[in-house]
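Single chain ahead, by itself, as structure tokens, in the form predicted alone.
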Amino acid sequence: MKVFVIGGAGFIGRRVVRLLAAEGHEVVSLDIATADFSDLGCQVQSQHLDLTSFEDVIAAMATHKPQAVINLSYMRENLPRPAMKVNVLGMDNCFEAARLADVAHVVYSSSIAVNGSQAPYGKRPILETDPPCPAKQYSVHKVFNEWQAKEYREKHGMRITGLRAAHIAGTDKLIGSVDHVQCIVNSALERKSLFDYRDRMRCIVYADDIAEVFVRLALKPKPEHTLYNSGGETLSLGQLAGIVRKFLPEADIAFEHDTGGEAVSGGYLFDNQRLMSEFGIQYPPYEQRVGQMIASLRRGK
């Protein structure tokens, strides 16, 4: 199968490209940035793409004729207009070009940010069917992406599947929510970490695990649902610090406040039974992933 990965040079995209190639698929990585896939030979092609230019997107679709498209491109926190162009116009360009090119399946990255804080949902896990409560520009953009996907499914009969990704962790994550990453990286590199609230909550999923989910979704011809929560392991930053200290007892991690963080946290309890039951996804314990990240960083010192 030929698969487009839009945002293929990014944090998750690089992993998705390599997973697809490892499974024998032909991959076209499209991004405004660049990534080195030369070790994968002709199995992976890299092409510069400005997602905000419909002409560029439709030309790429028409040239390569992919059977599936995975759109991971986004702009988290930036000036309003550039973010709107990438997150809203860019996603619509992807959907419309896929329609015109008769792409069989489009998978796009949504986010648990669409649910805003945990408070409107109480102490129960949030479902895909719960109404979103976006609180920031990025989360409003993701809600619009989900709505636009629904419009394309209903009015054009397309197969479009969204994944609401949780807080993703990896040693190379640099943007978005990064406190849960800094807690690990700073400790492994013998740097001090200072965070605001010990009880700030995160729903965390490891980067390699979420990349596998995107691949599984894209390769299934007819997923049972149009939207999935990725889920993950729910931890406070204080609990995460405790896990880090199991590997690095002298880790210098401090908090300005012990309490107050839960009230300002985003959503952190998510039901992902759709994903678990349909795809058999089972994430390794996050403590295991923390150990792997620390070991990787220590080897690189």
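Here the structure is a predicted model, which means the values were calculated and not measured. All residue numbers refer to positions in the sequence shown, first residue = 1.
Here the subject shifts to the form predicted in complex with a small molecule, a form of this protein not shown in this document.
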| Contact residue in the model of the complex, from 271, 50, 262, 26 (heavy atom within 4.5 Å of the small molecule) | 50
| query | Only one of 229, 93, 73, 115 has a non-hydrogen atom within 4.5 angstroms of the small molecule in the model of the complex; which is it? | reply | 73
| query | Out of the stretches listed (126-134, 220-228, 162-170, 186-194), which one is close to the small molecule in the model of the complex, meaning heavy atoms within 4.5 Å? | reply | 162-170
| 4.5 Å heavy atom contact, residue 254 to the small molecule in the model of the complex | no
| task | Decide whether residue 138 counts as a contact residue for the small molecule in the model of the complex under a heavy atom distance cut-off of 4.5 Å. | result | yes
| Does residue 233 reach the small molecule in the model of the complex, with heavy atoms at most 4.5 Å apart? | no
| field | Exercise: residue 142 in contact with the small molecule in the model of the complex, heavy atom 4.5 Å | value | yes
